[in-house]
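Below, in structure tokens: the form predicted alone, a single chain.
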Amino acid sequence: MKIVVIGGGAAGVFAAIAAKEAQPEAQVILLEKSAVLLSKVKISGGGRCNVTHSCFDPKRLIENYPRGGRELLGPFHRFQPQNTIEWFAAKGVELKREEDGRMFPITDSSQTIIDCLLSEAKKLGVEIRFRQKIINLSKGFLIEGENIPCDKIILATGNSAEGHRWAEQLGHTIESPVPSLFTFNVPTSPLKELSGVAVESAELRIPGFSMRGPLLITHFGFSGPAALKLSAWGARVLHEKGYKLELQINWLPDLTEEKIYEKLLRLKEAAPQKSLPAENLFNLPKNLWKTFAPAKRLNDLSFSELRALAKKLHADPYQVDGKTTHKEEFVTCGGVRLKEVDFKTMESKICPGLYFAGEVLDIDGVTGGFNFQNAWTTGHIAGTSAATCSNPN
């Protein structure tokens, strides 16, 4: 059997290894268009490689995927973060858990992961070919231009337009790729001078979506987990609106607007001579509270002013005008339509013998190791299935 894997990223390399592990006699050829493998692994996590996340319950794990979570439930019961940890440990690479659940190699170097994967591929006899320009794929799996006849193809081309075009040529539908996981530019934000100030819990809202979590004020607008997650779940809406829309921030998500107003009234009654900016009633970051609180004694504040402050703390509007992404760790939603893939095997329902792994599919996770876990899981299943399922041709 000859299996060709197209794409030398995490999903492709892991799929090639899985295929050889499952069927050592198979000829497995990995084609990469550039001169290096695993370039995204290299830069991930600031060069440390956020390999996976310490979430071991598949039902909770899928909550971190704006698209593809439901489809990944079955695959995560077969190969999940615990399996990833054990796989690397068996190859001599130990992972460590950080406070937020992210997992990195104990060396804090992505090169450790790269060396492990490439060493395993070499040991198993995966044939790797660099600078491969594929002209076309045909259903008989003759890769035109390279002229490589093969029995199975695993497409692991990430968010590459070429990979999507090849999938379309073989009968698949592509959900148009749009950016995911980005931060919000707010040029008119009056808070930009507070760059670096963080709030432990805020709720961000755009039409149709809301997200709660830590929020970071930046010199360009807003970042932090709440902003990144909102951009992921609302990726298509934000794209349709050209990244120009109103963002509302609830700075006190545990309180209703009425509760906030009542607390302000009680403070006014209890300490009428005190200055409101000096009374940080809600334990917000001090400088942030000072920008919200009128510079007056509580006794001098009218009921309408207190009502306006309660409203602002509950639904503070900002005009988003654009986004900011870390280009090197760019994530998109979009890709091969998921209902066209059998997630028990990662095989195409349209073109037998064609398998998919990683971000070529319309699957994306939030930050924290979830996108790599998708790569390991789908790569493992695709490689194992391609090597063990009967030849369709």
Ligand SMILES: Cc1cc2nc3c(=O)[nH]c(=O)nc-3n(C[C@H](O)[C@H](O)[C@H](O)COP(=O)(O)OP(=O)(O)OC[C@H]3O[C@@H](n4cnc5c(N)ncnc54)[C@H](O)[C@@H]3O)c2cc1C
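What you see is a predicted model; the values in this text were computed from it and never measured. Just count from 1 along the sequence shown to find any residue number.
The same protein also has a form predicted together with the ligand, omitted here; what follows describes it.
Only one of the listed residues (L31, C55, C333, V341) places a non-hydrogen atom within 4.5 angstroms of the ligand in the predicted complex, and that residue is L31.
This chain appears without its partner; in the predicted complex, the one residue of I134, I128, V237, I114 with a heavy atom within 4.5 Å of the ligand is I134. Among heavy atoms of I62, none comes within 4.5 Å of the ligand in the predicted complex. Within 4.5 Å of any heavy atom of the ligand in the predicted complex lies no heavy atom of G353. Interface residue remark: N50 is counted as part of the site for the ligand in the predicted complex, having a heavy atom within 4.5 Å.
The ligand in the predicted complex is approached by E162, whose closest heavy atom lies within 4.5 angstroms of it. Not one of T84, T377 and G383 is positioned with any heavy atom within 4.5 Å of the ligand in the predicted complex. The chain is drawn here without the ligand; in the predicted complex, the stretch among 280 to 288, 204 to 212, 149 to 157, 167 to 175 whose residues come within 4.5 Å of it by any heavy atom is 149 to 157. Shown here without the ligand, the chain has G7, G8, G9, A10, A11, G12 in 7 to 21 lying with a heavy atom within 4.5 Å of that partner in the predicted complex.
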